[in-house]
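As a starting point, one isolated chain is supplied in structure tokens, in the form predicted alone.
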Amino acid sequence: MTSNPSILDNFGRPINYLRLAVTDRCNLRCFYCMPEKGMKFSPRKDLLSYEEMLFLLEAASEIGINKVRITGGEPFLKRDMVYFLEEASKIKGLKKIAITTNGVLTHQYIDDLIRLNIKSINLSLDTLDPVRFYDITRKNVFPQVMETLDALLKNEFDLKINAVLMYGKNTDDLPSLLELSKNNLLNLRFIEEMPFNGSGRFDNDNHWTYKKILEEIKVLHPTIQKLTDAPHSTSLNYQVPGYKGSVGIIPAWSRTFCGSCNRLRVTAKGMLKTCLYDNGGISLKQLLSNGASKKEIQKVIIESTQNRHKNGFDAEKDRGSNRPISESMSAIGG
């Protein structure tokens, strides 16, 4: 099958971006992602193997997927991760490989990432205060994350900092986080908190929406300027005059970017999801276990894109009242 510019879904949206979770395991216990005692991680036999992941990437790349973001859990907890990245980088149709990481282990792999020309990194960092970092992540690994941040900046990676803003938890960190964009060429992105915390509980009354986040930023920097957003961008982007970096706000709960969504997700257990907020999907893992061919996998991917929800609200509504959001983001793929 020849490569196409993209797949078009049932709403005419081009699909060329896949978020692939390589593990559901994480070395942090961020309260907005999972319960304090953690979660019951999937047995290794239930997860996609590297061979299966590479097969899926090859199949997807032939029908128009040209960007993959490797997520978890924490990707660098996965054994032989560099081997997988090396093999993925050989897939001709993939123009870009990006990684989302919490930074605890990442500094050890900087040289490998440079060698493989994987320079697009999203670093999850919700505070620059060590005490608050522990309160949020429940782990005392702040120095390791700072080592990763310094290495990414020093080696001029295409760096995005992802910070989830949560009322009463880290909203006081807004000024110090903003200062990261003053002298550093990076995109600092503030994300609306979502209910994917593994508990099903969510404080909607005190929720900081993208509008509230922007209001607070403008109090600190009244002259902040709107930038032109890239096609399919999930963030609304701005820049403080004189600052090297930019500031983004991701309406992950408000879901204002659904109309231009170009993404599919594959969880660590091999479930194909066409929307973060849907209640499931098709088990590519099961299909592969049953010996599905590349063409059969491609057919399933294309057919799934023809049955996408218009937006995340419709996907959530389709769950029904007896299936509320209760998953952990670590299980879905952050």
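One rule holds for the numbers: they count along the sequence shown, beginning at 1. Just so it is clear, the structure is predicted and the values come from calculations on it, not from any experiment.
Absent from the display: the form predicted together with a small molecule. The rest refers to it.
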item: One stretch from 299-307, 47-55, 263-271, 65-73 that, in the model of the complex, holds residues within 4.5 Å of the small molecule by heavy atom; value: 65-73
item: Of 179, 216, 192, 173, the one that lies within 4.5 Å of the small molecule in the model of the complex (heavy atoms); value: 192
item: 234, 127, 162, 246 - the one with a heavy atom within 4.5 Å of the small molecule in the model of the complex; value: 162
item: 4.5 Å heavy atom contact, residue 100 and the small molecule in the model of the complex; value: yes
item: Close approach of residue 33 to the small molecule in the model of the complex, 4.5 Å, heavy atom; value: yes
item: Touches the small molecule in the model of the complex: residue 208 (any heavy atom, 4.5 Å); value: no
